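Encoded as structure tokens, the following chain is the form predicted on its own, with no partner shown.
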Amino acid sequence: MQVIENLKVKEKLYIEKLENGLTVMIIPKSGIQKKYIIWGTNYGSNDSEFVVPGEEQVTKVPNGVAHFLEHKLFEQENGTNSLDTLTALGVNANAYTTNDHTAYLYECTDNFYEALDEFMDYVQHPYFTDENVEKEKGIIGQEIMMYDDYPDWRVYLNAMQAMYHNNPIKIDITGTIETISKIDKEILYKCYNTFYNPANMALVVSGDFKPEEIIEEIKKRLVDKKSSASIKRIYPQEPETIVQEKIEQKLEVSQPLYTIGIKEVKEANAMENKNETVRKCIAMEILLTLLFGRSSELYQELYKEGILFGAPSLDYEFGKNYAHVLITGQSQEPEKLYERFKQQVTKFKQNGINENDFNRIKKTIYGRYVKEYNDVQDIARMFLSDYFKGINSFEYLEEIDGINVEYLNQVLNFVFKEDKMVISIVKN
């Protein structure tokens, strides 16, 4: 078992790759009552075209299979639902699907090992029939229709569709009514057997555990499954251009919603190694806070003018084959806000970044990173998500010291290009 210690937050990560290929990570939190476990597979909604290890031909499946699989895994052959079983034990269980990974989790203070029996059983024993797959199509169909009318989701997805021509990130994680109608049990089993191989998965535990003991408990509950070779994933070619600068949809909302998106050009990912990825993430977080955070000049001006009513969410998202900035909030005049944002970016490029502002925000961001280690949920989810991106979460704490104004200016000029910007608006 490898031990990685970070002295800045006085935390240790115990990491072991088991014989079957499963990576287990343990972050002990002595004296903490809450226990949290999350088991993920490096398989998300973007992975609809791939080559199964050992095969030569390409497999292409309908959009929405990863999410469909997540729903179906809870259903057991004996007629029970594992989510109900876990809830009856007093644990808070859930699952989610993203563009890049699928995860199953629970948190509790008591009955951890009783819950672990059920948890590790259902993730490893899929049960799909023609009947239960057809039944699930109706349930997921209702979810799809609900999200079609959900303004917060539409403003995000429309921004993706304005930025990306071909990349599957522009497609709803749940798929569409049409695509899920093509899913059958054979497709589900094929995707499960391909992507739910231990070598493509990681399990993270955080709480008051002794690493050697919890590792043995996990090993005892693993089914005998051999590690597979890596999966070849196929993604469509994506032009560097955006599709359209502005996209608008009418839905019932109390205030207009907006998402400003900035598509990152391809060369960015090509030039990066792991450390550079972490450095750029930190730089983006600092930059976005300087440009449009609550203490920024732009935010203060727009708030006083009544154009802005609250601080927008500021995100930098990236994966195997995409990267973009997202700024989301509410405004009575989203078009005017968008123009002012572009002007502020130009101003920053012309004048450079103020050293004092930079140092202040950098300290704030560092404080956020440290605070994440207070909660077992934040720790476990962070380590899982970062692991699938090839990152150890401790690296953010190590790399932030090396970020300076010169590097920030470089990232600003490289990423924040006006011809890569879009705005999505949802209003009445």
Partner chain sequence: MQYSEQELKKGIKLHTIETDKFKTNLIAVFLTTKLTREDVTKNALISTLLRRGSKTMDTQEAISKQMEEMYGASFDCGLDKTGDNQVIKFYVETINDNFLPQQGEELLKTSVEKILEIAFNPYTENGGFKQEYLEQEKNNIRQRIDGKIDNKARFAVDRCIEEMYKDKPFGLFKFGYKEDLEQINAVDLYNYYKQLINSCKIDIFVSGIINGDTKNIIEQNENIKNLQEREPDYVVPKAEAKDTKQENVVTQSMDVTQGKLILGLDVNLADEEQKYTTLIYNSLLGGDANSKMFQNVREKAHLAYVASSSYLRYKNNIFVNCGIEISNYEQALELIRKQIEDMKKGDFTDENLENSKQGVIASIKTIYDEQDTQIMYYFGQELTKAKVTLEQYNEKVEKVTKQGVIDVANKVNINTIYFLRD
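Predicted model only: the values in this text are computed from it and were never measured. Positions refer to the first chain, counted from 1.
Same protein, other form: the form predicted together with the partner chain, not shown, and the subject of what follows.
- Although the partner is absent here, D172 lies well away from the partner chain in the predicted complex, with no heavy atom inside 4.5 Å.
- In the predicted complex, V9 approaches the partner chain with a heavy atom inside 4.5 Å.
- When the partner chain is considered in the predicted complex, Q300 lines it closely, a heavy atom lying within 4.5 Å.
- Although the partner is absent here, K363 sits close enough that one of its heavy atoms falls within 4.5 Å of the partner chain in the predicted complex.
- Annotated contacts: M145, L251 and K371 all touch the partner chain in the predicted complex [non-hydrogen atom within 4.5 angstroms].
- Between the options P236, G90, P239, G352, the residue in contact with the partner chain in the predicted complex by a heavy atom within 4.5 angstroms is G90.
- Distance criterion of 4.5 Å from any heavy atom to the partner chain in the predicted complex singles out R294 from the list K220, K226, R294, K232.
- None of 117-125, 77-85, 239-247, 339-347 except one has non-hydrogen atoms within 4.5 angstroms of the partner chain in the predicted complex; the exception is 77-85.
- For the partner-free chain shown, K8, V9, K10, E11, K29, G31, I32, Q33, K34 of 1-40 come within 4.5 angstroms of the partner chain in the predicted complex, judged by any non-hydrogen atom.
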